[in-house]
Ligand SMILES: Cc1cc2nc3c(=O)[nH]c(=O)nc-3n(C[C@H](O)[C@H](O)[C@H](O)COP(=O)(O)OP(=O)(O)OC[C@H]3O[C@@H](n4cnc5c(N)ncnc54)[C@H](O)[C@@H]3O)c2cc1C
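Shown below, as structure tokens, is a lone chain in the form predicted alone; questions about how it binds or moves come after it.
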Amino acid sequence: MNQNTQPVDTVHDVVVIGGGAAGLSGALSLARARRDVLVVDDDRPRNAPAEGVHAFLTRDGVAPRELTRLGRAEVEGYGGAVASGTVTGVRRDDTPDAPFVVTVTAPGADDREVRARRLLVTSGLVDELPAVDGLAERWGRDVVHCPYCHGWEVQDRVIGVLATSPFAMHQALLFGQWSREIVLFTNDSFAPDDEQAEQLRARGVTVVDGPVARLRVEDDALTGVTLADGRTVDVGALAVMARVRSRAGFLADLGLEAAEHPAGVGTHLGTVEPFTGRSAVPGVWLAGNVTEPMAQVVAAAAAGTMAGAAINMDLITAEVAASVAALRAGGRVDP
């Protein structure tokens, strides 16, 4: 990964915070638009435990880290830079056209600051997994969350659905497209009403009440779910909708704070212009799971591309306005 070696007083056109599919796609659009773009990434991709990325046209099954490796190479091929580090703070002086100042922390090095005219925040989110013994170790393997990401890989197994919220109802019905044997563990987190119970019966879903204590794993494969009362139910995969938390605390000084997502799945950063990702803070755009927790990798990449294009146009608008002002003042205008 290239490190940023430019002078400390360099003001980049754009700093991209987060080097996943959304960030790299945005950076690629900006680099191809001949913008000075720097991506800062801490190399902690949310999807790292998964064997592959799915439903990404032409890249189906590619390992997550291979996808980012390819993306970094493409960004760098167009002159963009990628630097290792964790963004721990962002501030902006209260003066017109002041650049953003981004504090970057890296292991074994002093904190440093990079400056940018615009920001693209694609820092993603963190999955807050339920406290079930053995679950975290299977996450992204045979403990999954999204049928469109993992359904094909666990098809025709007995698929359990571990309830963490009423969203489990949606998961139980949906995963029935990939298996005829679905077991919904209510886990003291969800109680189907009469209508929902009827829908579950119609779909052939078995409902198991009681809190879940741990997973049974044999020969490095999930084979069952054990409840607190000692019962064990055979399953070959387990679907869990983990609560998610946006990785955006570093934006607090700008007044951008996470709020509950309308779907009730956790926190996110809202946008005032969802199509482009423009935030309520001028000069800051958002893309990927930090703003839309339900977005798959291909959707996050598309959002990054749109945000990159919007940022480029915003910069053009500012540059044209500055040139017009200079013309009116009778000064020299550089092309």
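Start at 1 and count along the sequence shown; that's the residue number. Note that the structure is predicted; figures quoted are calculated from it, not measured.
Keep in mind that the form predicted together with the ligand is not shown, yet the notes after this line are about it.
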Counting only non-hydrogen atoms, which stretch in 123-131, 185-193, 224-232, 208-216 is within 4.5 Å of the ligand in the predicted bound form?
123-131
Ok, Gln296, Thr267, Ser279, Thr276: which has a heavy atom sitting within 4.5 Å of the ligand in the predicted bound form?
Gln296
What is the one choice in Phe250, Phe100, Phe167, Trp178 with a heavy atom within 4.5 Å of the ligand in the predicted bound form?
Phe250
Looking in the predicted bound form, any heavy atom of Thr271 within 4.5 Å of the ligand?
no
So in the predicted bound form, does Val40 come within 4.5 Å of the ligand, heavy atom to heavy atom?
yes
Heavy atom of Asn289 within 4.5 Å of the ligand in the predicted bound form:
yes
Partner proximity in the predicted bound form: Gly140 to the ligand, non-hydrogen atom cutoff 4.5 Å
yes
Ala21, Thr86 and Ala300 all contacting the ligand in the predicted bound form, non-hydrogen atom within 4.5 Å:
yes
Does any residue in 146-163 get within 4.5 Å of the ligand in the predicted bound form, counting heavy atoms only, and if so which ones?
Cys149, His150
